[in-house]
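Only one chain comes next, encoded as structure tokens, the form predicted on its own.
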Amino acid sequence: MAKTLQWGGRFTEEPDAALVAFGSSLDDDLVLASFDVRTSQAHVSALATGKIIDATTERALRKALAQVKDEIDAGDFAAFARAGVEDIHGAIDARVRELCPNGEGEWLHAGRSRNDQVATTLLLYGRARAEEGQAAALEVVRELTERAKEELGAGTLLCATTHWQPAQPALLAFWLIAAAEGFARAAKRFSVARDATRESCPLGSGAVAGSTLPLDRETPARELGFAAPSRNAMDAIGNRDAILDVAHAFVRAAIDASRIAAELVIWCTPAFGYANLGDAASTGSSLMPQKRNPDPFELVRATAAELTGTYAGALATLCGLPLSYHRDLQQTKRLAIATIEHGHATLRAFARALAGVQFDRDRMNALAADGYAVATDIADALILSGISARRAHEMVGRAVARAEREHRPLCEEDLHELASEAGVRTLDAPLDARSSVNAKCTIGSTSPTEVRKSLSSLAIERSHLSSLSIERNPGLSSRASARKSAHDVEGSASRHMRE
């Protein structure tokens, strides 16, 4: 049997190379390389403290794993890994055996199955990506709130829409905060998903029922930052809930990004003219010299839909799957990783493109009251004068229809006629966009006072989530190196997804 495989003693024929290739997940899980090394290092601790290996073997294994980590960090390991192995986990095991001259590498897999190895490695990977996803979401919150401060200071107005029809005047800062809220919720989802990856450590569960070897499961659990060893081996090896929670958080964040991207695509059209995307984030046409296309936002919009499908596929691989490990879970892993990696790239691209958006304040201010957007304020004034909501709605609707026939905005004369119809002496209501915005008085409204409060509250929430991330990860000393090595192998996985 091939020395690169982790099995074969009971077989008398070589495996079909084409079927081994079909079953290989290497191109999908290269991104797990650095995390698998950490899992293996922790397993060495379990073997050593359980007195299953002696000190000489422990030193040899640790030295070999350190070299593998260096090779991953340097980007050299991928070439070795592709030499006939089934997955990244088997590749690392094979390389360790190669690096140990006296056979110590053959002890690395004692008491361990790829089942608990993969389950643990996925949790470490998911934890790191959840942290990065939270950081990316909070960066978008920061960008949007900083822009909101600028536009609040400038007093930029906007005609807020529903159904893409003129609705009510609002501050552009109000819209920017609304956009930021979704990413603040995304950051919370990433935080919850990250916590789920820390609850229990599958390492030491073996293939399905634990081990007769005296493995120390507590030490590696602490070493890897888990709260405790998993309490049921059969569940632990087949449980993919946490990694799917991380994938879900990326899908939801991408959907939030797609909604903002879709609106900005329209705002950048000359017909709207609300915004312009800078040269660095725009593309041109191979035929039409005048074109400036907001391609990054269009790709964000499309990718969110793609990720939704990929995530649904990952969930579907679990439908009807019996307990414990089944090879179907390899597809779960592949689809979850694809969702997370592509989702992470989408968030980063969205943030970069967002920084290139420039708003046309003059045009936004000029159109803020178009489409009779102050009509609701007039109806509210009638209600305050004692007119029922239903009648006020009907009265103002007729006034709008009349003004529309005469091709003019609502004016003081309309207020006088409405006051007369309502039987009141005067009717005081906003007729311009800024007066409408300033007249709002409810919590969470577009009034400048409420917008300032929202900005302050979001800043506190962002700071809290950022500090919480640091507090919850004090013992992950290898976090920076793990992130670097994951980034180094990310290129291979990204190229594969593009292909």
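Given the structure is predicted, the values throughout are model-derived calculations rather than measurements. So that there is no doubt, residue numbering starts at 1 and follows the sequence shown.
This protein has a second form, the form predicted together with ligand ARG, left out of what is shown; the following refers to that one.
J.: Would you mind picking the one in Thr156, Thr197, Asn115, Thr145 that has a heavy atom within 4.5 Å of ligand ARG in the model of the complex?
T.: After the contact test, the surviving option is Asn115.
J.: Answer with one of Asp414, Asp87, Glu151, Asp256: the residue that has a non-hydrogen atom within 4.5 Å of ligand ARG in the model of the complex.
T.: The option sitting close enough to the partner is Asp87.
J.: In the model of the complex, does Thr317 have a heavy atom within 4.5 Å of ligand ARG?
T.: Contact check for Thr317: no, nothing within 4.5 Å of ligand ARG in the model of the complex.
J.: With the partner left out of view, is Arg390 within 4.5 angstroms of ligand ARG in the model of the complex by any non-hydrogen atom?
T.: No.
J.: Can you tell me whether Arg425 touches ligand ARG? I mean in the model of the complex, with a 4.5 angstroms heavy atom cut-off.
T.: No.
J.: Just to confirm, Lys333 within 4.5 Å of ligand ARG in the model of the complex by heavy atoms?
T.: Yes, contact at 4.5 Å.
J.: Could you tell me which stretch in 305 to 313, 131 to 139, 115 to 123, 357 to 365 has residues with non-hydrogen atoms within 4.5 Å of ligand ARG in the model of the complex?
T.: After filtering at 4.5 Å, what remains is 115 to 123.
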